[in-house]
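A lone chain, given as structure tokens: the form predicted alone.
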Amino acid sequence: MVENERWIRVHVERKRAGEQLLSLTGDRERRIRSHWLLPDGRIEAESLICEEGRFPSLSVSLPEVAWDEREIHDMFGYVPEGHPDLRPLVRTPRWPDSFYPLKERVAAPQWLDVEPDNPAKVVEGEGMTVMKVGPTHAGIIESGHFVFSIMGENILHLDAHLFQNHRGVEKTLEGLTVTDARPFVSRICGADTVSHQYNFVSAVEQLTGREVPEAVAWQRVLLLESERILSHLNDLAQIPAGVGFTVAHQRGLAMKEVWQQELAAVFGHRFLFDAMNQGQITMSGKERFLTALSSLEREWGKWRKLVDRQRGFHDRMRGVGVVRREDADQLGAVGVALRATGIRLDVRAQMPLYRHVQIAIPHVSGGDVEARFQVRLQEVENSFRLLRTALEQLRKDATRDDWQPPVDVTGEAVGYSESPHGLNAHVLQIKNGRIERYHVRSGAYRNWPVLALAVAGNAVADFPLINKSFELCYSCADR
């Protein structure tokens, strides 16, 4: 009992001290483990053994872990006692009751022949309507199921059901070598792939004590900031689409497409899959990249003038989808969603990779769609400057980086980065060169509950605009 009380107390104290929760997960040894990022960049861990498969829930005192604890329950069967909403998160009614995929080394079971939908939390009462959207949507977006409780045109509650196409990435990675795992990690998500790649390779390098060559480090900055611009260009183009501002939408997507084509020409893939493993950029590649960057900056200037002068567009965004600063902090919001509430936090400032550059951290008060739009505008322009700094440092042709980790690498490490969607963390446990446990806690995973909160109190017609202002990744949930 004393240990349980300490478990709750120490996590509350860490949160109050301004530390950032990187992960909360379980393992087959009945251990619950959390990792925290300290303001000085150090990482510290807390552990608790589940007595009889139970552990004290942190969710009441630390609401940001509510999904993490539900996921632990689904994947391991460990019960977070006192959890306020222990409905299934990942598992569906088709999973046999005894099947916990990460608890034992077992093959997939015989799925039950029942309807797959999990129970939804809805508001009941006279005049209430339940509206369901998805999981299949118009267009080419991935699967997400949204259950709205509405009164007339007003949304009172949104229950977001993600994990519709759960791929079992963490289970698949178990037993793989570092080399075999790389393509799987690279494809966790098409929007944050470089961030995922960096987390993986940096965790492995921590365990081996590798000193990363300066040229390799600068190329990683180049890749991370290129991805940030690509993601933000897409999101900034989608927000005008939510209000029918078609010219800004189409021109924004055109910018994004040209940038994506240039990244494919320089790094080998439109989505930058495997880009961190392809060796270093050549002199001709640097010249093409610089030309592409200059061209993008010119088009960006024209596009920004277009959206800046449309007052009606900005009026439509103001006051819509508001996230209060205290709610963002409680729910563990990250990235643009957090900085749009006035909180100045970007873990690039703590990453050793960025130690040689000054990180400007845009932050805008308001917490609405307009604030999230403005933060992205500033971040794109800051990334332009970071790209030019990285190119300046990569003056000469560099040889291919053929480093490979020792075949017997063993230990636990955490890789983290500031993805386009916010703080992204990977926990790697490896023994004799083979992965024992791998856990991913992405920025989108953290921000989905924040989006659900932002929607409440708005009109149904506001949902597309609010949703696009977050533009969260489904794949990072479907991992």
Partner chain sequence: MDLQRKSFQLRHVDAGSCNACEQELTALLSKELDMQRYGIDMVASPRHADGLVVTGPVTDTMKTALEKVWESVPRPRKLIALGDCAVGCGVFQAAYASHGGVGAALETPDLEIRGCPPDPKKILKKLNP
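Residue numbers count along the first chain shown, from 1. Computed from a prediction, not measured in an experiment: that's the story for all the values here.
There is another form of the same protein, the form predicted together with its partner chain; it is not shown, and what comes next is about it.
Participant: Based on heavy atom distances of at most 4.5 Å to its partner chain in the predicted bound form, which listed stretch, 205-213, 151-159, 112-120, 306-314, is the contact stretch?
Facilitator: Checking each option against the 4.5 Å cut-off leaves 112-120.
Participant: Considering 382, 219, 234, 350, which brings a non-hydrogen atom within 4.5 Å of its partner chain in the predicted bound form?
Facilitator: Partner contact (heavy atom, 4.5 Å) among the options: 234.
Participant: Name the residue from 343, 360, 133, 253 that puts a heavy atom within 4.5 Å of its partner chain in the predicted bound form.
Facilitator: Flagged contact: 253.
Participant: Answer yes or no: in the predicted bound form, does its partner chain come within 4.5 Å of a heavy atom in every one of 75, 188 and 271?
Facilitator: Every residue of the candidate spot has a heavy atom within 4.5 Å of its partner chain in the predicted bound form.
Participant: Although its partner chain is absent from this view, report whether residue 98 comes within 4.5 Å of it in the predicted bound form, heavy atoms only.
Facilitator: No, no contact at 4.5 Å.
Participant: Determine whether any heavy atom of residue 406 comes within 4.5 Å of a heavy atom of its partner chain in the predicted bound form, and answer yes or no.
Facilitator: It does not: once its partner chain is placed as it appears in the predicted bound form, residue 406 has no heavy atom within 4.5 Å of it.
Participant: Using the partner position in the predicted bound form, report whether residue 261 sits within 4.5 Å of its partner chain, counting heavy atoms only.
Facilitator: Looking in the predicted bound form, residue contacts with its partner chain include residue 261, since a heavy atom lies within 4.5 Å.
Participant: Wondering, does residue 301 line up within 4.5 Å of its partner chain in the predicted bound form on heavy atoms?
Facilitator: Looking in the predicted bound form, residue contacts with its partner chain do not include residue 301, since no heavy atom lies within 4.5 Å.
Participant: Pick out the residues of 152-186 whose heavy atoms come within 4.5 Å of its partner chain in the predicted bound form.
Facilitator: Sequence-ordered list: 163, 164, 165, 166, 167, 168, 169, 171, 172, 183, 184.
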